Every structure is written in structure tokens, then in C-alpha cells.
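Here's a solo chain for you in C-alpha cells, the form predicted alone.
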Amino acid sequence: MRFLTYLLCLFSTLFLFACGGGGGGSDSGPTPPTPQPVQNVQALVIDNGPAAASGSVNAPYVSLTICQPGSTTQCQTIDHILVDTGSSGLRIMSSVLASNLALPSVASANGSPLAECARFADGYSWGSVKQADLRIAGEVASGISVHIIGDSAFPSVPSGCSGSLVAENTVAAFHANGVLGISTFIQDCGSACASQALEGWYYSCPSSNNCTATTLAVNRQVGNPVAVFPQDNNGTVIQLPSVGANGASGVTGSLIFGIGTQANNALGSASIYTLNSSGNLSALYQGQVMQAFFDSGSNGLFFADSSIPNCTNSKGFYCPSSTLSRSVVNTGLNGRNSTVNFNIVNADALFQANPNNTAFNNIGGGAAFASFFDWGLPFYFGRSVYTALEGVSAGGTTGPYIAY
């Protein structure tokens, strides 16, 4: 399916060239205007989170605008959308949507409305799939499938979705008004969901309390909006300033769209680490080789180390008796490697001593997934981190890759 799409684009380009050649001669007509680069930078802010869920740390938020498909007036701007390089797709909490913003439903192959289950490391989210236009910075993703979390259309959650996970269907539980997933993947599920009806993904719902797992073509799945932009559509760059050992408040940075497409997103001296088909690279930590991924939506560095005590109050974080200095050697599929040094502090003491700070570069906790190293937001401070989409050339190298 993906290959066919690329072929069609190539044929269209050749056809346009042929038409231009046929129209040559002395009557060349007016020179078309040179396309101007669009504004491709959106401010990132790390603060306490939305009013309904204050108390967040290390959560990078943006504001964005969603519109009814094809409209520039029936729109709503929403703040505190979490920027997540660990997932793909735009998901919005239904409670923050204006009641008059009528978004059309996306239908399954049998014509029934669709619902989706999104399973994260710490919970699941459930709700309808709608169609919308996304506007952010100067970029537009038109007619994309969007996951509306926690709406009332389908109140019965299939057991194949919820399992034993905690429901995260409200702003308070999600700590954000939505999530902008900008991982290396173009769709959130891809060919697996196109060929099989998988529990925990897409559901066909002929009635409000009757949803069953269904297949869904990749072009109708909730996907990475960046891939749909007309330009700057091969990846993203996250830039955050450095923060001190006690953290900081009011931190702002940039989410830049595209890699090597404009003057502000060139790779420069960044090194490229190519990733496997699961979006991971190899990480050597304390003599153990793990798979590592880069996830701005994780608020700490999460990895297994039984020698570090867990916190009493700050559940999920480590609380060593004194600051620990650690390092990891990251190695990409292309063989490029580098050592990343980091510190892990006592999160209970850090949060208690700095109650107004919301950005920390030295907190970590136990792994949600065994044998995986999660490079969460602390990794991003003081760096430009590039995330290139799968199968697309970005700065001369085909993704997926991470660069920093």
C-alpha cells in the first residue's frame, strides 16, 4: 500500500513535467511566485499542566488548533497538548472540545462508526475516531483521523482494551488536554491492524454498547500528523534549554517541524543513529544490553536497576541516598555510538526542596517494560533531538532515526 502511494506520486510529477515542456516557446507567460517557507516552529512549555490536572513535572506542552475538515472558521485552539515522541497520532480529551465543533465520524469497512483503544505504559484511553484538520505553527494536516478520548458515544469498554490497565480517559488522569504523537511511525498501528482485527486497537461499533475489534486500512488510521503536512513532513526537532541540578520553572523550548527543510532544522553537527523497525536502538547500561527508545512523553529516565531504591512518596521514581552518576552507550543500526552521561537524584527530596519547579534533568525510575531503556524528557534538556519518520529521507538519510 505504501509502495503504491509512492509510485502514484512519481507518475504525477512526471506528468506535470511533460505538460510544462509541451507549453514551451516564446510565450512563456508570467513567472510563478517562489513558494515561501511556512512558519514551522511551535513554542513548547513545561509547566504545572492544565488546570484540571495541575502538578505535572517534565511534561512538554504545545497549543494547537483543530478544525472541522475543510473549514478555517469552525475551529478551536486547545492548550496543554502533550508532545510525545513515543507515540503517533493526535488524541484529544472530549471534555475540552467545544460542543459546537462537529467532527465527522470515521467509519469502519462495514460502515459502522469507529472507536479506538490506545494502550500506554501506565494505562489505556478509549473513545471515538473522528476526522479533523490540525493547524499548528504554520503547518496544516488536513482530513486526518483523530482519537477523541473519553466521549460518551461508546460507554462500554471492551475487555481486550482495558485489560488490567488503569483508565486514562479524563484530563485529570491523563495530565493533559490531549497528546500530539510524533514518533518515527507514520501510523499508530500500521499494516498489522490493516490485516488483522487486533484487540486493543480499532473497534467497529454498530451500536453504543457493541464494539468488536476490526481491521482498518492504514490511510484511515490515527497517524503522525507531521507525515501529512504538505511541507516539513519528514520529522521533527525538539529543542529545550539546559536546567540546573535543582530544576527550573517556566521552561520554554521549541518544537520544529521538518529536518533539513528550512534553515532552522538543519542537522548541523548532530549525529544520526538509525533505528530498527520497532523504533529502537541498542543501549549498553551497567554491562547489560537493552533496547532503548526516545520518548518525550515520559517524564523521567526509566530503566531497570535493582540497586537503586524506589521512592516512598514519588511513586515510580528512584530515591538513592545520594546522587548517582550513570552512563549509557547508545548504538544505532548504522554502527554509530556515543556515551550519554546522566545523574539520578532522590526524587522525594528534589521535589520537596523545589516545589515550584516543573523541569528536572536528573529523575528516573524503574522500567515499565523489561529490558528497555526509556530516554524520557530529562534526555532532551540542553539538546536538539531530531526524530525522523520511517521510510522518508530527512537530511540525506532515510528514517527511522534519532539524531542529537
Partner chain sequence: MRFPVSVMCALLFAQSTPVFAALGAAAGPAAGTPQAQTDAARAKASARVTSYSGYTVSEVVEPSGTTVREYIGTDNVVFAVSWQGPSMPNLQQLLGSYADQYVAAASEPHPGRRAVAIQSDQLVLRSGGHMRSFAGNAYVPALLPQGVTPDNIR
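Worth saying up front: this structure is predicted, and the values here are computed from it rather than measured. Numbering follows the first chain given and starts at 1.
If you look for the form predicted in complex with its partner chain, you will not find it shown, but the lines that follow are about it.
Not displayed here, its partner chain is kept clear of residue 319 by more than 4.5 Å at the level of heavy atoms in the model of the complex. For residue 55, a non-hydrogen atom is located within 4.5 Å of its partner chain in the model of the complex, even though that partner is not displayed. In the model of the complex, none of the heavy atoms of residue 217 sits within 4.5 Å of a heavy atom of its partner chain. For the chain shown alone, residue 127 is not a contact residue for its partner chain in the model of the complex, no non-hydrogen atom being within 4.5 angstroms. The listed set 330, 265, 280, 108 contains one residue whose heavy atoms approach its partner chain in the model of the complex to within 4.5 Å, identified as 280. Using a 4.5 Å cut-off to its partner chain in the model of the complex, not one of 131, 139 and 231 places a heavy atom inside that distance. Only one segment in the set 70-78, 162-170, 321-329, 240-248 has any non-hydrogen atom within 4.5 angstroms of its partner chain in the model of the complex, and it is 162-170. Contacts to its partner chain in the model of the complex (heavy atom within 4.5 Å) from stretch 80-106: 82, 86, 87, 88, 91.
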